[in-house]
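To begin, one chain is listed below as structure tokens, in the form predicted on its own.
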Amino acid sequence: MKASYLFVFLLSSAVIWQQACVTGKKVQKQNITLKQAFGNDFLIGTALSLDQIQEKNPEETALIAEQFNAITPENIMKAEVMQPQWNTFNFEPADKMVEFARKYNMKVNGHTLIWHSQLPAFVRSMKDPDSVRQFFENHIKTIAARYDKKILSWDVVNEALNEDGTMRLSVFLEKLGENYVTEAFRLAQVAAPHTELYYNDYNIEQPAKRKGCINLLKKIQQAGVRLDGVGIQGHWLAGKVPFKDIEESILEFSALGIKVMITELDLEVLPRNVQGADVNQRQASNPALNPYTNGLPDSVQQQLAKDYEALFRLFLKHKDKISRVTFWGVHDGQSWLNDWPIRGRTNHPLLFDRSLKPKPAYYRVLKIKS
């Protein structure tokens, strides 16, 4: 008798489930997210602004928590924010970011300890090499030590190379000499023994700059200094993504025995004359260079989707070498490309639009894992 009732109950439940699925009254299975789809492959990260870290927009916060499991600060850990005055440190924003990551179970990549740009004014005015060295050593030791065990990794040095692979002229090269990169890693490994240490740069998938980067990384290793990985920034142009160069770079960097990250991924869709990602380069405003103020034409939208899909297929092919893929921003409205190299443009380089809605590129990326 009990078995009969059980059979009828199960049969009725099956019919109700079938009818609900047909009518749409049953709650449908939740769509998989980026961090879920690639959870067994590599971390999926995004860059966050201070407003996002402070959770000022609940919709943005929900999207970030849903889609990503790694974060990089856009600006709050750069030197001009962290040490605005000599030996006076501003830890509050970075501490808030660590709290945000803990709250939403995310990994943090610190960005960045040493960079020639966004330096505090007192460093830019220094003439004495000893003063520069004192700032250099104190800055690295103080900040790296504070966040050891609290963050996963540091971009120890950012963008130290020219396009031809030679060392970029900066206050650090000029005052401290060409070994300053190695010395930065040496200081960081002592101050942050539990934190992974990366070198980060753009266009290092290009052969000449890649060669210079490999030489730089080997120099660090040959000095007996710890180097855990290299970040390929990934600021590429839709329709012109250098897939062959990217793959060769992943292979060559990995051959050094280090991790590879794609650290600042976005795909430019607007025309421009400036190449690379040097924030100091600028171009005059021209309406012809801002053609998509009312949204992307379908042809461009589909090109963006095609390129993102191809990129993620490439990343998956080398998932044993790549530990993180980080987008440089959560949505199009936040992207730095709205203001570089021309201020005030309407750019569309990411997977989510200005309304926080997923674009065709988002679905093409996820389709790879379906």
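For every residue, the number given is its place in the sequence shown, counted from 1. None of the values given here were measured: they were computed from a predicted structure.
Below, we turn to the form predicted together with a small molecule, even though it does not appear here.
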Is residue 115 close enough to the small molecule in the model of the complex to count, meaning some heavy atom within 4.5 Å? yes
Taking 4.5 angstroms as the cut-off for heavy atoms, does residue 235 touch the small molecule in the model of the complex? yes
With a cut-off of 4.5 Å between heavy atoms, is residue 134 one of the residues that contacts the small molecule in the model of the complex? no
If we define contact as a non-hydrogen atom of the residue within 4.5 angstroms of the partner, is residue 264 a contact of the small molecule in the model of the complex? yes
Residues in which of 182 to 190, 286 to 294, 98 to 106, 152 to 160 have heavy atoms within 4.5 Å of the small molecule in the model of the complex? 152 to 160
Residues 74, 277 and 328 are flagged as a possible site; in the model of the complex, is every one of them within 4.5 Å of the small molecule by some non-hydrogen atom? yes
Scan 210, 139, 111, 259 and let me know which has any heavy atom within 4.5 Å of the small molecule in the model of the complex. 111
Using a 4.5 Å heavy atom cut-off, which residue among 146, 175, 78, 272 comes into contact with the small molecule in the model of the complex? 78
